[in-house]
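This document opens with one chain alone, in structure tokens, the form predicted alone.
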């Protein structure tokens, strides 16, 4: 195989497919990237058998062929080359010579036929969704996916489609994050659970534009088709928790508050809270204000946040990090916080509409 391409283009595609490559694997070839010619373009593939990323790029194909190269080493070599044309030549023993201006590097590769193939997915009835909407849905929910493998189903995000309505839900037993959106084209109803780790990588690749991409769901996999890049992830099997039963509709205390002011105050309080044993912040709601306090051996914080209070006064405590994870992704200028008791979940909603819902379990305060 022999081809030429620009250094910056090659590096960009390498870094894209590298997101699916295992940093360490008992199978060395899975630490590599498959590079092969396909007609007049170059195809790069990375996979860890759970997630696969395939991306195409323009190149001048002089001789067709394929090879697998160590991912991390390849990306570092290409990153350090000048921003100029690169010539890549693969010999019969899979030795790869990379030439750029006055630099020449040789890497030892693996035979391409030993590299695992990505699953074939029939692209029937794909979901058409804008990149921006999908990117926002991932960013605004995936922080709440479970990390603990004790309940594997919660390590995934539920993607739910009902005609034009699309919903993404993540929960880890302490909090719930829900984001709703609208599709331009209606789709038949479906539910699929996608690993949170896969969605994180999808979110990193998505551009912030309003172009449409397609999502195809099969029995065992989901395909995100971004045009020149295709991402294939396994799906999680099992029944997701009935999240609608978890979210209370009634409340005894409701506050309307400025998101940025609340976020800044809790962020400051969390500086002291995280020095303590339980990362705790306490909220006291009364007299049209929220008093936020945190204490640890290193100090204490007292914050007052003005708000509109409806209903009963309340004292409640939360894990500061969980509260900040939620506040960081809310873009609305104002929001509603609904409470029932000091030991019941807090439900966060927009002032208008229903684009998002967050639920956060409190921490019990022992007298």
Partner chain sequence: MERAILLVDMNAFFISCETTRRPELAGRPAAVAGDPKHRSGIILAPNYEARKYGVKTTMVLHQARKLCPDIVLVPPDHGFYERKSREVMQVLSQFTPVVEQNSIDEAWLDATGCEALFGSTLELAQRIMKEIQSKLGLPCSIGIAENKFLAKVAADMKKPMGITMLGREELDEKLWPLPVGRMYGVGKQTALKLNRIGVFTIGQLAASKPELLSDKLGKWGNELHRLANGIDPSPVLPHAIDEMKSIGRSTTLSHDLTDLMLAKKVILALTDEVGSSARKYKKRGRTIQITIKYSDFKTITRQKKIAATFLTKDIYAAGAELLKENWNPKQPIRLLGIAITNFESDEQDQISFFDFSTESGQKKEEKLEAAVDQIREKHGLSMIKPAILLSQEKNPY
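Positions refer to the first chain, counted from 1. What you are looking at is a predicted structure, and each value in this text was computed from that prediction instead of being measured.
Note that the form predicted together with the partner chain isn't included here; everything after this is about it.
*Asks:* Looking in the model of the complex, any heavy atom of residue 280 within 4.5 Å of the partner chain?
*Replies:* Yes, residue 280 lies within 4.5 Å of the partner chain in the model of the complex.
*Asks:* My question is simply whether residue 340 lines the interface with the partner chain in the model of the complex - judged by any non-hydrogen atom within 4.5 Å.
*Replies:* Residue-level check for residue 340: no, no contact with the partner chain.
*Asks:* Within 4.5 Å, heavy atoms only: does residue 227 come near the partner chain in the model of the complex?
*Replies:* Heavy-atom contact with the partner chain at 4.5 Å: absent for residue 227.
*Asks:* Taking the shortest heavy atom distance, is residue 56 within 4.5 Å of the partner chain in the model of the complex?
*Replies:* No.
*Asks:* Within 4.5 Å of the partner chain in the model of the complex - does that hold for a heavy atom of every one of 121, 191 and 223?
*Replies:* No, because 121, 191 and 223 lack any heavy atom that approaches the partner chain to within 4.5 Å in the model of the complex.
*Asks:* Out of 171, 199, 257, 100, which one falls within 4.5 Å of the partner chain in the model of the complex, going by heavy atoms?
*Replies:* Looking at the other structure, the residue within range turns out to be 171.
*Asks:* Note which of 149, 113, 249, 239 lies within 4.5 Å of the partner chain in the model of the complex, where distance is taken over heavy atoms; exactly one does.
*Replies:* Only one listed residue qualifies here, and that residue is 149.
*Asks:* If we take heavy atoms and a 4.5 Å cut-off, which stretch out of 300 to 308, 61 to 69, 39 to 47, 317 to 325 is in contact with the partner chain in the model of the complex?
*Replies:* This holds for exactly one stretch, 317 to 325.
*Asks:* What residues, if any, in 11 to 29 have a non-hydrogen atom within 4.5 angstroms of the partner chain in the model of the complex?
*Replies:* Result: empty, none.
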